[in-house]
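The chain below stands alone and is given in structure tokens; this is the form predicted on its own.
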Amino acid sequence: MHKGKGMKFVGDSRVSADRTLSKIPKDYSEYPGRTEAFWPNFLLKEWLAGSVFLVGFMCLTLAHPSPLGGLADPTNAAFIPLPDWYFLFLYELLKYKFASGEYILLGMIGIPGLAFGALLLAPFLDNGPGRRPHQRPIAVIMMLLALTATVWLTYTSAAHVDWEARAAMDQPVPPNSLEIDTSHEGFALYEASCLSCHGDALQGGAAGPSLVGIERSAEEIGVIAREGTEGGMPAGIFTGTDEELEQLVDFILTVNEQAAE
């Protein structure tokens, strides 16, 4: 074949002949209404949103401080520990026969590993171009199943717990720096009726909460001493006279006043 004979040049219709192949991206100003400058417009919006979230979070923290439990007591066999709310579904899973006992490893590692592994693989199992829920049935079904199981297990784990009674039984134990006035006329009554559950310095114990730092009136303390509390202290623990009850209540209030100072 000679040069210039039998040779044809065919242009590719997909590429414009007058198009410049510049690698320099266009400026954001060429897209009015669709984009904006990163500095300061976009970044200031992000900082503002983050500041609002941070202030709101700090307000919630101040209004509802994190509850603190009592000191760990390995001798207290009556205390049933509970994990934080985001682990309650795994805690509940271990109550089923197929995930406990001989199959504890299946409940601890196997089932959670399969569940989280499936969620990680969901984008690869359903990699169609559509992004609407009906266009991604596999990923949507897997996510709904995981969400339903997590909500149900969390609910069943926490539904039967009396959180108020649990908080009352597991209060932080203050430093035992109080000097208990054993000569007080109410100390002997406290020693006979309350010490075995609430401790020698009212610090609480395995069977009863701390009586230091309570926010109850004399009348409320007297009623609890006689009638007990629902789900906690039984009725009839104190069987003394009304005069002795006043002495016991005065002793408890005196210790609290000393602790407040």
Partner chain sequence: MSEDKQQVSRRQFLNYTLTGVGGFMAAGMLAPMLRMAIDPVLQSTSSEGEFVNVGLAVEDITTTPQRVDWQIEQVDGWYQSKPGRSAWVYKDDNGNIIALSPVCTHLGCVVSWEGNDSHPNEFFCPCHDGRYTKDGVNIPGTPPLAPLATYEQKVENGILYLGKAISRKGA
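Model, not experiment: these values are computed from the prediction. Positions refer to the first chain, counted from 1.
Although not depicted, the form predicted together with the partner chain is the subject of the following passage.
Although the partner is absent here, Asn41 sits close enough that one of its heavy atoms falls within 4.5 Å of the partner chain in the predicted complex. Ser51 belongs to the set of residues with a heavy atom inside 4.5 Å of the partner chain in the predicted complex. A residue is said to contact a partner when one of its heavy atoms sits within 4.5 Å of a partner heavy atom; Val55 meets this definition for the partner chain in the predicted complex. In short, of 191-199, 232-240, 43-51, 210-218 it is 43-51 that has heavy atoms within 4.5 Å of the partner chain in the predicted complex.
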